[in-house]
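One chain comes next, on its own, written as structure tokens: the form predicted alone.
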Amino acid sequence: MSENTEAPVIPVIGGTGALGSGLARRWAAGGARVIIGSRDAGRAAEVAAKVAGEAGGTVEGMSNADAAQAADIVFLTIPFRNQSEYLTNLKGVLTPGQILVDCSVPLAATISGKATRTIGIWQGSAAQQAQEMVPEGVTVVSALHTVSAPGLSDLGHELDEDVPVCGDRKADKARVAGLISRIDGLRPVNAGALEMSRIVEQLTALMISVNIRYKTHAGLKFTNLPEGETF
């Protein structure tokens, strides 16, 4: 595993999708080494080449299993309907000490409902369900639910928004925040324990509703926070 503060390795599981590829573009443009994970390594390589061509930087494609072993912090950017399948398949490769950043949102669209509604999760949130599924010793942090995927993918779109980060250990959240803040215009905000993700995930449906009405890529912004470090 590798983590470098100058040029960190950032694996993005589900990196061929809208959110994952958008994040990959932004991180690659900022100088990080990005690894796109997919069930199909060939597909991951194709998307990696496209992202590198558009954003520059170093972008590689790997199978999900290989990507998950490439760094201490792994981003999971898949639709909620695929969360259980992916985490089941990754149980054998995720190891104690790793941080899994879950970006899943239980939108009703998962079961052919509306994207502006969410469905109930027994554990309380998608992130809490993920924490139950990962191997012992792997920590789940919840983030990036309110950032527009199309906005991320358009490198000409200037970002200026906050990113709530939920997790049970401040040190883990701070490490994740460090990677998020590498994307210009994104300010990570400590949103509390992992259980707060049940509220933050609901905001995705709100943001979708606002963006549909105003035909834009609106972001979330907290006011009156202290200047400087938010963790």
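Residue numbers here begin at 1 and follow the sequence given. Just so you know, these numbers come straight off a predicted model, no measurement behind them.
The form predicted in complex with a small molecule is left out here; the points below concern that form.
Problem - Interface residue in the predicted bound form among Asp72, Asp154, Glu132, Glu85, criterion: non-hydrogen atom within 4.5 angstroms of the small molecule - result: That would be Glu85.
Practice task
Could you confirm whether Val105 comes within 4.5 Å of the small molecule in the predicted bound form, counting heavy atoms only?
Solution key: Yes, contact at 4.5 Å.
Practice task
Mark Gly14 yes when one of its heavy atoms lies within 4.5 Å of a heavy atom of the small molecule in the predicted bound form, and no otherwise.
Solution key: Close contact exists here: in the predicted bound form, Gly14 approaches the small molecule to within 4.5 Å, heavy atoms only.
Handout entry: Ile212: touches the small molecule in the predicted bound form, heavy atom cutoff 4.5 angstroms
Key = The answer is no: Ile212 has no heavy atom within 4.5 Å of the small molecule.
Problem - Partner proximity in the predicted bound form: Ser125 to the small molecule, non-hydrogen atom cutoff 4.5 Å - result: The answer is no: Ser125 has no heavy atom within 4.5 Å of the small molecule.
Handout entry: Candidate stretches 156 to 164, 91 to 99, 134 to 142, 77 to 85, one within 4.5 Å of the small molecule in the predicted bound form by heavy atom
Key = Among the candidates, contact is made by 77 to 85.
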